[in-house]
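In structure tokens, the next block holds one chain alone, the form predicted on its own.
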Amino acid sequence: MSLLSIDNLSKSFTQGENHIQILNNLDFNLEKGKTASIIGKSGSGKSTLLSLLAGLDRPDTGSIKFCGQDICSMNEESITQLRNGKIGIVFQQFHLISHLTALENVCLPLEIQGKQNETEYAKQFMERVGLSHRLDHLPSQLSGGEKQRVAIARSLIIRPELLLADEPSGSLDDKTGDDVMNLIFELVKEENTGLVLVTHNRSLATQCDQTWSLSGGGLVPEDNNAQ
């Protein structure tokens, strides 16, 4: 069953008198519970593509279908509801709310959904990411790896059907980054969550079920077995 499919997707920007084509007629498909990586050099359009998949930006042309629904035709309210319930996002720069504790940050998506008794469930999820001893710490009191684990817990606590991860280990040292990525792969497998991982790390990319290379505005599938 197709979880995510994009068809003939294009995106461009205008800077002064210059017209810059970032993405050009992309096609892509991801089945439910499968993982895909998108690799490419800095500036190739990886983060732009992820923003489009998350409904945070709109394409110039083409469609993005999530569970059969074209999010490009949705209004902002519908897209926001979709993100709150079915799409998790992990960024390179954590994006935790500074005045909330780790536990409160993780609880936030559940509160937005209006769910009750979210604290106990959030505590369980914090334990799953190895942070049951950091519940009452503010982000400023956490290490980079701990902040990213909080961000992962926050994105997955709604049990989304799709997780979008934009260089989630990019700001961490190698050992911590490996631990964080292993955690992501472990959790998405346990939850049968689809994953689109944006990375410049080829060895990390090949751990996904499929790997795509983004270059010159085009998206080309790669053979992981050939790596």
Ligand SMILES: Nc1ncnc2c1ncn2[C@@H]1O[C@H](COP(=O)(O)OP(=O)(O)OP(=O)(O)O)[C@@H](O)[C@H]1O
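Sequential numbering from 1, following the sequence displayed. All values derive from a computational prediction rather than experimental measurement.
Omitted from view is the form predicted together with the ligand, to which the following refers.
Trainee: With the partner left out here, check for me: in the model of the complex, does some heavy atom of R58 sit within 4.5 Å of the ligand?
Mentor: Flag for R58 set to no.
Trainee: Look up in the model of the complex whether P168 has a non-hydrogen atom within 4.5 angstroms of the ligand, and give yes or no.
Mentor: The answer is no: P168 has no heavy atom within 4.5 Å of the ligand.
Trainee: I'd like to know if N192 sits close to the ligand in the model of the complex, meaning any non-hydrogen atom pair within 4.5 angstroms.
Mentor: It does not: once the ligand is placed as it appears in the model of the complex, N192 has no heavy atom within 4.5 Å of it.
Trainee: Give a yes/no on whether S47 approaches the ligand to within 4.5 Å in the model of the complex, heavy atoms considered.
Mentor: Although the ligand is absent here, S47 would touch it in the model of the complex, with heavy atoms inside 4.5 Å.
Trainee: Counting only non-hydrogen atoms, which stretch in 157-165, 179-187, 34-42, 60-68 is within 4.5 Å of the ligand in the model of the complex?
Mentor: Contact-bearing stretch, as computed: 34-42.
Trainee: Going by the ligand in the model of the complex, which residues of 21-37 come within 4.5 Å of it through any heavy atom?
Mentor: Heavy-atom contacts within 4.5 Å come from I22 alone.
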